[in-house]
Each structure stands twice: as structure tokens, then as C-alpha cells.
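Okay, so we've got a single protein chain in two different forms coming up as C-alpha cells, structure 1 first and structure 2 after it.
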Structure 1
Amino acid sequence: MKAKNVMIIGGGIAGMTAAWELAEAGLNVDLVEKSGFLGGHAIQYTCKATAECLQCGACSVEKMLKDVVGNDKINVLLSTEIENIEKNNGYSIKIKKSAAFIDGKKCTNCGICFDKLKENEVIIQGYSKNNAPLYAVNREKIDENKIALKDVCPEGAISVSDKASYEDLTADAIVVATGFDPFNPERKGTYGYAKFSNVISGLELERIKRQSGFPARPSDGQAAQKIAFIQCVGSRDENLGNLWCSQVCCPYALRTAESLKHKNPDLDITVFYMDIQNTGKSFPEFYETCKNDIRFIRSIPVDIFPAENDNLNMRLFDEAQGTTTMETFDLVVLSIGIMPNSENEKLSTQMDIALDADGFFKNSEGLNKTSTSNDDIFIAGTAQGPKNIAASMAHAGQAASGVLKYLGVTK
């Protein structure tokens, strides 16, 4: 009997998990990812272990990426988008593969192109050694760097004349795992993001830690000594129309803060919050531990102003004292929320499945959070709403089970 084909739209942790589960069950999987790398946002996260594992999920993402790229039943399609979907005894799908410029079959991941053209920022490096290939070309920079790119690769893996191509695929079922867009903190203008160099997002802190190994200030590369985390940036904000809780921000920020404090006990860390989201059975105990190491102020700061040496003055209302005060920090980290993927509306129309009032994909059955109005299309991960890594993987596993049940396949 011919193996069934399933298309997964989105190569983040949910998409990879669903792809691996289905491939392990013997199905052929096309894994479509619009960026040049698998792993989504989660592959950028660093381990947050202290003396013990804090269950941040970063290692799970790394392992899943390795499993997916090593599975010959998963056809990974990077830099690829859905052009059209037609239902006809399954689905006929036209995909657009953007010019890759780097031939993954020739690339040896030597890094010569990245090292030679680092200042030009035309070569992008993936966040994991398991990304294949590990490098991609920044399309926004290619026109001004064509000459430099022409002969930089000793293996001849780079071609500046590469063009976009189209391909027709078929699928017996589809899993939508488009993930999320991080909230753009520039929308909270009073915090000075993109204006003050030492106001960064939590995701940017991850990249800094991955590169430097410590919380380096973008302004001068020096290790920050007094750090503020501001919670609920873009979440639970009536003025923005974002009334949902992103669920991941509290445990994420506290794990990050605790891991930084573990490595450097002299760090002065303050967390500004509205409420601490309690997630997981072990979180209350972890929260109590954090209270011994980190200062918590139940107040969201009002404004941030520049100070000497690129430090930051923060005006805030201290609920405990009942007064407005000003305090200086040398690094401010904004815990940005989870937003619906900007392409959800387009895909919703293409597949004739509904979005909820917030813009996430709407499940059609109350108890089955992976279902849609089409019984051969399933939702996985944060495409359906905010989730952490573990919950996204579990949800993707449920979506894969739904696919297998629909197709009548048993493991």
C-alpha cells in the first residue's frame, strides 16, 4: 500500500514534532518553512539550567531538530511558501521556493563565507549546529554584495544567479504549525526600544547570551550588573487590544534571571510585573526560590529615560510604598508577548479554516484543540494560541495522532 503524504506548514518546534511523529509512523512528510532554517524562535533559546535542570525546553528543541534533519521520510523545504491550495481527493498544493543562493548539497558548513563577509552581514548563521545548511544568504544584502559572494565559497556552493522556483505537491492531510510573531516592542514607545541601545527584548538577550555567554550590554559589550525585566510587554494590554496572556513570559523571564544569577551571584536583578503566571506543578516552588535571589516589584514602569554611560533611568510606581520613584539600570529586558503569525489570515483563506477573534487559528471542537472545520486539516502549537515549548510539543503530538486517525494509519 502506498504511503500517505502529509504537509506540515511551519518548521518550528510544533511543526518539527508533528513531522517526526508522522514520519515515525511511516508517512511521507513535506515540511514547509518560509525562513532559511528550521527551529523557529525556540531554537534560539539557550539552556537555563542552574545547579539543576529548570525544564526550559531548549534541549528538547535541539534534539528534535537533529531527529528531523536525519529522518529520510521528512522532505525539508526551506525558504518556501504556500502559493495555492486546492482540495481534490486530498490537496493539490503549489509552493514557491525562494532563491536559496546556497546549495545545501554542496555546502560543508565550513563557515568560510560567514567569516570573510561578517562585516557585510550578507551571510546569516543558523542558531544550531544541526541546521542544514548552517548558513543562508541575507536577501536584503545580496545586490550590494554579489561580487564578494561570487568566489567566496571554496566548494562552489553559492550562486548569486539562483532564482525562485515553483513546485506542485500533493497531501492527504495538512498540519498548520505556523507558530507566532514576537510582539514588536517599538509599539510601547515609552520604553525606548530601538532608541536606547540597552533596552532589548528577551529574544535578543538569548542571542547575546548565545554569542557572549553573559548578559553583554549592546552599547559597549560590557557585562550588565543591574538588570530590569519588564513583564507583559504586548500582552494583557487593553490599549493595544491584546487581552490574552502569552503564558510563557513569566516562567521564561524567571528562568533566565535565575540562571544569570546562578552564574553571577553579584548581579542585581529586578522583575517588574502585574501578576506572576503560575505554570506547571513545580513552578510555585521555583518561584519561591526566585524570591530569595531576585527583587520583585508589582508595578509596570511608566517611562524610561537615557542616563549617563548609556544607563537607563526608569520611572515607576512602587505599589508597596505608594509613591512614584526613579531608579537607574544598565540593562532593561522587555518580556515580549506572543502574537498571531502575520500570515495566518492568508492561510486561513487559502484553506478555508477559521481564525479566532485574536487572529490565532480556531479549533472547531471544544475538547479537541487541534481540530478545524476541515477534517483533514489540523492545528499544532502556537498557531492555535500561546504555549510554551513542552505544551507546543504535546499539542503537535495530538495533531499527529489526529492525522493518523483520519488516515486510518496505526503505528
Structure 2
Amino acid sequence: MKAKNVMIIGGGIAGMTAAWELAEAGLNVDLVEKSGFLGGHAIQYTCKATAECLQCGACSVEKMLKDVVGNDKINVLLSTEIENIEKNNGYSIKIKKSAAFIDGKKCTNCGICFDKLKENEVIIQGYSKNNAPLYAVNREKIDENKIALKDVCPEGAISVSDKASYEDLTADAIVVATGFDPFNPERKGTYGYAKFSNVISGLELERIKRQSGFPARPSDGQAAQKIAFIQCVGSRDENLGNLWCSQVCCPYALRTAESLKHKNPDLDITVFYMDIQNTGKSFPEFYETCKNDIRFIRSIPVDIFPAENDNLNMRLFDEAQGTTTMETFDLVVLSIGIMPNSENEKLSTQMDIALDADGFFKNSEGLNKTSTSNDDIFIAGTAQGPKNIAASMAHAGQAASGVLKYLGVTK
């Protein structure tokens, strides 16, 4: 019997997990990833350990990426999108490969393209050493750099064509793991994000800490000494119509704050919040530690004002005094949340599966949140709604389990 074939759309932690599970069960998997790298958002994250691991899950993504890249039953298609899906006895899927991409079979990870074309910003570097290849073509800059791209690689690993190319694939089942969009904090204008250099998003702090190990201020590269975290940026926001909690931003903010504080006990950290969400089973203990190390203020600031030396001023309400004061911070972190992927609508039409009121993929069965109205299409990870890494992985496992059941693959 021919091994069944499953297509997974989206190569973040959810898509990778589903792919790996299905490959382990003996199926062939096509893993389609739009960007030049596997790993999605979570491959960019920092370890948040103090003297001990705080269970943020970031390193699980690293491990899964390694396992997926090393699994020969998984066919990874990078810089690839879905052009068209047709249902006929399974699915016929037309995929669209970007006009310029790096061929992983030829690339030796030498980095020559990256170094030579640094100014053009047309080659980007992966976040993990397990990204294969380690470099990718920035799709936004392809058009103006076609000639430069053609000649730069000594191995001839960069493929450049006039147009995108297409290929037809088939699948017996599909897993949709297209993930989320991080909230764009520019939408909250009064925070001055993108105007004040030391107002950064939680995602940027992840990258900064991963790369340099300390909270380097974008303005001068110096280690911040007084940091404010503002929670719920973009989430739980009626004005924006975002009536959901992103579930991950309290945990990542608190863990990162503790991790930074562990490395530099003099660091002064304030968290502005509405409600603190749990991190896990040990949350009660962890929260007590946090309360000792961090100042918690239960109100969300409305404005951020520029101050000298690229510092930032914020007004805070002092509950004990019942008064308002102005305070200065040298770095402000906006704890941005999980928004539905802006392509969900297009994907939902392509596959004829529904979205929920918030714009995430809707599960058709109350208790199984991987189910869709098509019994051969499954949802995995944050495509269905906010989730942390561990929950995205478990959800993807359930989707894989559902695929196996649907395809009749038993022991």
C-alpha cells in the first residue's frame, strides 16, 4: 500500500510538531512554509531561565526544528505558498514557489551572500543554527536585487527566475498550522512605538535577549536599568474589538523579567497590568517570587512621553497615596499579543472552512478544537486561537492523531 501523504501548511512549532508526529507514524509529509525558515515566531525566543528553568518552552522549538530537519519523511518546502486547493478524492494543491530562493541542497551555509549583500538587506539570516539553509531571500527585496542575487553565491545555490513557479501536489489530508500575527503596536499610537526608539515590543525583547543576553536599548546599545512592561497591548481591548486574552504575554513578560533580574539583581522592573495570568502548575510560588522582585501596578498607562537621553516618562497612579506621579524609565516593553493571521480569510475560502468571530479558525466540534467542517482538514496551534508553545505542540499532536484516525492508520 502506498504511504499516505499529508500536507501541513505553516512551519511554526505547531506545523513542525504535526509533521514530525505524522512522519513518525510512517506517513509522508509535505511541510509548506511561506517564509524562508522553519520555526515560526517561537524559534526567535530567548531562554528565560533564572537559576532554574522557568519552563517557557522556547528550547522545545529548537529541538523540534532539529528533529524535523533531520527527518527524511518530511519534505520541507520553504518560501512556498498555497495557490489553489481542489478537493477530488483527497486534495490537489497548487503551490507557488517564490521567484528567488536558496536551494538547501546546494547551500553550504558559508554566509557569503549575507555578507556581500548586507546593505541591500536582501539576504536574511535564520534565528537558529538548525535552520537549513541558514540564509533566505527577503521576498520584499527580490525585485530590485535580482541581478545581484544571480551572481553572489559561489555554489550557485540561489535560484532566481522572472516569476514565481508553480507545482502540483496531492494530499490525503491537510493540517492548517498557519499561526498568528503579533499585534502591531503602532496601532496604539499613544505609546509612541516606532517613534521612540526605546519603546519596544515583547517580540523585540525576545530577539534582543536571545542575541545579546541582556536588555540592550535600541538607542545606544546600553543595558537598560529601569524597565517597564505594559501588559495586554492589543489584547483584551474593546476599542480594538479584540475580545480575547492572548494567554502568553503575562507568562513571557514575567519569565523574561525574572530572567533579566537574575542576571542583574540591580535591575528595576515595573509591570503594568490588568490581571496576571498563570504560568503553570508552580505559578503560585513563582508569582510570590515575582512579587518580591518586581513592582506590580494594576493599571495600564495611557501615554508614553519622551524624556532626556531617549528615556520615557509615564504617569502612574499610586494606590496607597491615591495620587498620580510621573516616572521615568529607560526601556518600555509592550507585551503584545496574539492576533489572527491576516491571511486567514483567504485560507478559509481556499479550503472552505470557517473562521470564528475573532478571525481564528473555528473548530466544528465543541471538545475537539482541531476539527473543521471538512473531516480531512485539521487545525493546529495558534491558527485556532491563542496558545503557548506547549499547548500549540499538544494541539498539533491532537491534529496528527486526528489525521491518523481519519486515514485509518492503526498500530
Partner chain sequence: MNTNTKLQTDMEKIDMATDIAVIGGGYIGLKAASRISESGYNVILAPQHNDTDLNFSILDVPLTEMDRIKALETEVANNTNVEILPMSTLVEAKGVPGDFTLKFVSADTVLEKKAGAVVVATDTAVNPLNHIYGLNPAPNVVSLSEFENLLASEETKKEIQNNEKTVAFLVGFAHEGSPLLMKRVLNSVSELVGMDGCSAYVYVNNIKVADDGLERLYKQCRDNGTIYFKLQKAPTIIQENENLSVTFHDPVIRNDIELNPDIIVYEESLIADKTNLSLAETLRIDPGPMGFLQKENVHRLPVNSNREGIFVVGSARDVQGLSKSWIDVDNMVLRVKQLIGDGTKSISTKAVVDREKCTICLTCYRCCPHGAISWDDKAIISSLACQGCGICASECPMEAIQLIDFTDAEMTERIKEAAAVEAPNAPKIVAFCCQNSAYEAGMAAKAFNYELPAGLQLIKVPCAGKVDIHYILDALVEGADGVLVLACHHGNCKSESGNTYAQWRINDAYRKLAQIGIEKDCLEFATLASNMANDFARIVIDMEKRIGQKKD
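Rigid core here is just the name for the largest C-alpha set that superposes within 1.5 Å across the two forms. When a residue number appears, read it as a position in the sequence of structure 1, where counting begins at 1. Since the model is a prediction, treat every value here as computed from it, not as a measurement.
Which of the two shown is the form predicted alone: That would be structure 1, which is the form predicted alone.
Rigid core fit then residue 121 CA moved by 2 Å or more between the two structures: Superposed on the core, residue 121 moves its C-alpha 2 Å or more between the two structures.
Core-aligned C-alpha movement of residue 221 between the two structures reaching 2 Å: False for residue 221: its C-alpha shift is below 2 Å.
Core superposition between the two structures, C-alpha change of residue 322 at least 2 Å: Yes, its C-alpha moves 2 Å or more.
Once the two forms are fitted on their core, CA shift of residue 112 between the two structures in Å: So the C-alpha of residue 112 has moved 3.0 Å between the two structures.
Shift in Å of the C-alpha at residue 148 between the two structures after core superposition: Comparing the two forms, residue 148 shifts 5.3 Å at C-alpha.
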